[in-house]
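Consider the single chain below, provided in structure tokens and representing the form predicted on its own.
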């Protein structure tokens, strides 16, 4: 069994440099690779293309990279709660490619499976399809979308073992599973790193073959974007 465990986030992010393309798991602030993002911020690398469902909030997660102008292009499905993301997009400071959410997920999964492209009905007849090949299947029109090409995929899981097998928990099982194995190098950070054999094989969501490096993260904040509570009667 190949041991993919590394001892620190700095070792896990070895090889990152300017102008690379990164996939980052999570949905809003749920299941984001907090330690890996913090390492990218600390590294000071710039010119990044980030593929992520959205950029979270202004002062946390990918918002920190945006504030330091480290991101050149965002590939996302929506702007979300990030005012700085919106400001940079509208001012032209940031190149933004907005993609239907399902298409974003499937372009990740296509890369994970080794498929060069997919056909999807999403976006046909809109500006999303401008300049792209379209084709009819069984009387319905589809748009050709290419699989993503990324240098690194950073994902967050609840548990993992030294072989890279991953288990996700709750809502954190969002874009993380389809990004694992979808880049040249997949780095997984986990809340709990256990010995090989400690995970129930029937509970594993992503097998270790999709992961090149794994480490145990620390000091997770797990922030909530919007907290709504019932008023006291």
Partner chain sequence: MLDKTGIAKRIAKEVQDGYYVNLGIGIPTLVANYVRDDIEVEFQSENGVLGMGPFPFEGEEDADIINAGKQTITTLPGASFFDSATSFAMIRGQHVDLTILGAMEVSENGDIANWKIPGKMVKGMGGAMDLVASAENIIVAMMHTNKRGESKILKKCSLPLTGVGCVKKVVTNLAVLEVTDKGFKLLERAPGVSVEEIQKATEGTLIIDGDIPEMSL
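Positions refer to the first chain, counted from 1. Predicted model, so just to flag it, every value in this text is computed and none were measured.
We do not show the form predicted in complex with the partner chain, though everything after this point is about it.
Peer 1: Which residue, 105, 163, 94, 147, is the contact with the partner chain in the predicted bound form, using a 4.5 Å heavy atom cutoff?
Peer 2: Partner contact (heavy atom, 4.5 Å) among the options: 105.
Peer 1: Would residue 67 sit within 4.5 Å of the partner chain in the predicted bound form, counting heavy atoms only?
Peer 2: Contact check for residue 67: no, nothing within 4.5 Å of the partner chain in the predicted bound form.
Peer 1: With the cut-off set at 4.5 Å between non-hydrogen atoms, does residue 170 touch the partner chain in the predicted bound form?
Peer 2: The answer is yes: residue 170 has a heavy atom within 4.5 Å of the partner chain.
Peer 1: Since only the chain is shown here, I'm wondering whether residue 35 would be in contact with the partner chain in the predicted bound form (any heavy atom pair within 4.5 Å).
Peer 2: No, residue 35 is distant from the partner.
Peer 1: Could you confirm whether residue 50 comes within 4.5 Å of the partner chain in the predicted bound form, counting heavy atoms only?
Peer 2: It does not: once the partner chain is placed as it appears in the predicted bound form, residue 50 has no heavy atom within 4.5 Å of it.
Peer 1: Is the partner chain close enough to 109, 140 and 174 in the predicted bound form that each of the three has a heavy atom within 4.5 Å of it?
Peer 2: All three within 4.5 Å in the predicted bound form.
Peer 1: Within 80 to 108, which residues have a heavy atom closer than or equal to 4.5 Å from the partner chain in the predicted bound form?
Peer 2: Counting only heavy atoms within 4.5 Å of the partner chain in the predicted bound form, the contacting residues of 80 to 108 are 80, 81, 86, 89, 90, 98, 99, 100, 101, 102, 103, 105, 106.
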